[in-house]
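Below, in structure tokens: the form predicted on its own, a single chain.
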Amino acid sequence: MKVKDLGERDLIERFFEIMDKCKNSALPWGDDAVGYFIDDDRVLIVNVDMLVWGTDVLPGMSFRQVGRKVVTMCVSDVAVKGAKPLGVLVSIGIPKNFHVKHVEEIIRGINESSHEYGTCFLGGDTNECDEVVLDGVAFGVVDKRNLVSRSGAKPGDILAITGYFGYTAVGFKILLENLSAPSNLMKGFLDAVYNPRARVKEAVSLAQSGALTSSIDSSDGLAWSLYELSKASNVGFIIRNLPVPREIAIFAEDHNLDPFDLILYGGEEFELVVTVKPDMWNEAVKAVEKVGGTLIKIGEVTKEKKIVLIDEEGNERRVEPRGYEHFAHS
């Protein structure tokens, strides 16, 4: 059997079968990040994320944007557990003929993005590699009472997101499938791909509000994020109000595409997908708004373990467990 026969997610499940569990672990295996009890009240949150040039860098992406992206990937998974990122480390694999000025631009991107997320680039390791590989680590500390896992959603909870989906899916189609877009919309689609933004402030503020029952970073796409929450919490979801941005609707109509496919099955949006206690919805909204963000109610948690979308005509359609997965596409 080859790795491509399994795909990334089944391969990871095999890792978990081999690994020994740590008694001080504060989060279940397979959550967004790793949690480790420092003492009775505080949890160290650590995330590691790898960016490989051949699979993660889109055509036209600058070296500085590559550096920024690896930081975004790391801090997003730390923040969504409730921890403010405190530091970032990045190991860099570089081909020996790679230009020094390009490496410097990557480092500038890492440094700039770290500061923008309120953390600090602390260093890392450098080695020779056949292609550019960036392996980023971010860490933070959260009070135990503010820790948010994927496994706490309960039937009746409100399902919400921190932003609109679909822009990166369109960006991928423009860059990888050579589809066209109106000139006045092109910049927004490409910016979503080249300059992804983690919702760090929103995640930390929501966790501190005490209104969340579960949360996940949506970097693998909205649909797959919902399936991960469903699996961890043993619940389902019904989506009643999934916004379709005007730009996404225009692009979908121009290319005879389903706008909901673009919204559900994209990836790398880095929005938060959260479940909220019904009696604390207003507190959750205020927590996001006070840091300049938006919280959008899109549905609710159900006891039945299925995920469905009610479209604009009132038709029920099944949300499929699809999203980006390494190895499976090769």
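In this text, residue numbers run from 1 along the sequence as written. All values derive from a computational prediction rather than experimental measurement.
In what follows, reference is made to the form predicted together with a further copy of the same chain, a form of this protein that is not presented.
The partner is absent here; in the predicted complex, the one residue of M50, L58, I296, M280 having a heavy atom within 4.5 Å of a further copy of the same chain is M50. Contact with a further copy of the same chain in the predicted complex, judged by any heavy atom within 4.5 Å, is made by just one of I248, L190, I239, I94: I94. Every residue of the trio L89, R108 and F121 has some heavy atom no more than 4.5 Å from a further copy of the same chain in the predicted complex. Although the partner is absent here, R145 sits far enough away that none of its heavy atoms falls within 4.5 Å of a further copy of the same chain in the predicted complex. Proximity of L176 to a further copy of the same chain in the predicted complex: non-hydrogen atoms within 4.5 Å are absent; the residue sits far from the partner.
Contact check for L44: a heavy atom falls within 4.5 Å of a further copy of the same chain in the predicted complex. In the predicted complex, a further copy of the same chain sits within 4.5 Å of a heavy atom of E104. Residues within 4.5 angstroms of a further copy of the same chain in the predicted complex, judged by any non-hydrogen atom, belong to 121-129 and to none of the other stretches in 228-236, 121-129, 249-257, 191-199. Taking a 4.5 Å heavy atom cutoff to a further copy of the same chain in the predicted complex, the contacting residues in 134-165 are D135, V137, F139, V141.
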